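The data below hold one chain only, encoded as structure tokens and taken in the form predicted on its own.
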Amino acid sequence: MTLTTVGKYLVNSLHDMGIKHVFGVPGDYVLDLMDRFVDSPMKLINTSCELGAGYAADGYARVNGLSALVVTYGVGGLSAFNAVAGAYAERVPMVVISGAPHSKMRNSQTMMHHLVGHYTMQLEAYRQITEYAVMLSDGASVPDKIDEALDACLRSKRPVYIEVPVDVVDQLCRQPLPNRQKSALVSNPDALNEAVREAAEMLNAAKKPAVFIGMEIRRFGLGECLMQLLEKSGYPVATTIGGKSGIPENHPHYIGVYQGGFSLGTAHDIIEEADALLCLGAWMTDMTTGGFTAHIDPNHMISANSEIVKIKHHFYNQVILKDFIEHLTNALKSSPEPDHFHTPTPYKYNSNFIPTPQKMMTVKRFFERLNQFLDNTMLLVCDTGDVIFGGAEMYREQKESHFSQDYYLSIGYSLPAGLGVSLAAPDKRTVVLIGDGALQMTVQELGSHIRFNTNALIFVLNNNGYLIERLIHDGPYNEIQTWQYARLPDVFGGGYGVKVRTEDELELALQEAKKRSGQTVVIEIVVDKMDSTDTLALVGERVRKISNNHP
């Protein structure tokens, strides 16, 4: 039998699954394993910190379908923990690999550096935020464990964790088996048929049916299934923020982003007035429902998620979302052609933006101009804060062109996530929207953008502090040190930066950014400290009421 080593088995398996870049930070327990990545066809992207590497792997996976993160034990694995938790919460498939102390040290319980309490602590911690977690112990069992981990990652669309002690990296193991079988989730046929029958009866009898999609449609690659359902039924469709760009926004069925009482345009009325609402892959979180301001009758809802369907008060377990959509499409009545147009294209401006010279920039005018600047060569990555709401109103004609954390909401996410997006889609230009407070969380990864020569265009919305917190409950803790954000590219050794205070300055900055399409560009947008989108103002008011027990 031809043998290989554990390190090569793991590295080759990841490469065979389509990973071209691996993110991580070196440390003594993982250096030998990192050498195996360096020797592979994949490129090792060592970022400034493990948290940034985790966010970058998250962004990469959202585009590529799978990513890998490599860190050292303890200080590395725990530093990346928050990023992996966000990936777990938002169903992002990521393989987390951690080096670990020598097995002899673990067996003798020797007090080695980077330990916290006991040798299984990190493994046990990661079991809480991964679909599958394993420590590799011997070459004979390694191939099956690695295969099981990777299978679980792809099946669940969630992170998995693989811990590799330093002495295991070069242990011998068998080669991968030919045509390795991957397990697939299978629907219970009786539950599927009953769920489809009840849903079809409800939808076919409805006078005002509608569809509401969330991020699971994107994660499980169900865009084509969704389009077939829409083309047959003619139903109008809205998205969550996380589901945005799951459907091209020039599609005649698309009505916009629905956020409960925070919704703008026609999406609010169409969704809430639907007498049969088909929710596909959507999670009814506080963000999705606009701080629970949604008014949707549960008796009108059909909610289908990855493995369960709920219709009114009936639950159907072990019903796979893809199977449900495909079977339901066959059971729906076809709609006449005139019913296939619902509203003018949301978010698309029909008139050109005309800058007013010397007029101070406002948040509203910035997003108006950005909306006309974005095109199909660009991917948009939005941070938490005002930019996530402004980004939700950007016109995205191309599918899979908008990225944000609309559930976990970790500020500072977008800059390193933009690094991963840029490397996964080098033929596109990544546009990052981030606030000044969020940027200060992960600013060191601007250096990673510059080092790896991304062409990211980074807009820093500078309102001199944490605006969303000011709107909820103001205090001195919402103030931050003012940085010269436009000068950061010089600090990090490359790229281009410019500060914008007025509408005509923004116009010049955008023209210069287009000329510099091959390098990292930072545009600092200076606005008043209390200036915000209309949506963020509503969010602040709503959260304040909830905090004060006034629903």
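Everything quoted here is computed from the prediction, not taken from an experiment. Each residue number is its position in the shown sequence, starting from 1.
Absent from the display: the form predicted together with a further copy of the same chain. The rest refers to it.
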Looking at Phe367, Tyr408, Phe220, Phe373, which has any heavy atom no more than 4.5 Å from a further copy of the same chain in the model of the complex? Tyr408
Can you work out which of Glu393, Asp151, Asp286, Glu272 has a heavy atom no more than 4.5 Å from a further copy of the same chain in the model of the complex? Asp286
Given a further copy of the same chain in the model of the complex, answer whether the residues Ala89, His118 and Thr482 all have a heavy atom inside 4.5 Å of it. yes
Does the 4.5 Å heavy atom contact test between Tyr496 and a further copy of the same chain in the model of the complex come out positive? no
Does Ala191 make contact with a further copy of the same chain in the model of the complex, using a 4.5 Å heavy atom cut-off? no
Can Asn82 be called a contact residue for a further copy of the same chain in the model of the complex at 4.5 Å between heavy atoms? yes
Please tell me whether any heavy atom belonging to Phe353 falls inside 4.5 Å of a heavy atom of a further copy of the same chain, as the geometry stands in the model of the complex. no
Only one of these stretches, 507-515, 31-39, 522-530, 59-67, has heavy atoms within 4.5 Å of a further copy of the same chain in the model of the complex; which one is it? 31-39
Going by a further copy of the same chain in the model of the complex, which residues of 83-109 come within 4.5 Å of it through any heavy atom? Ala85, Tyr88, Ala89, His102, Lys104, Met105, Ser108
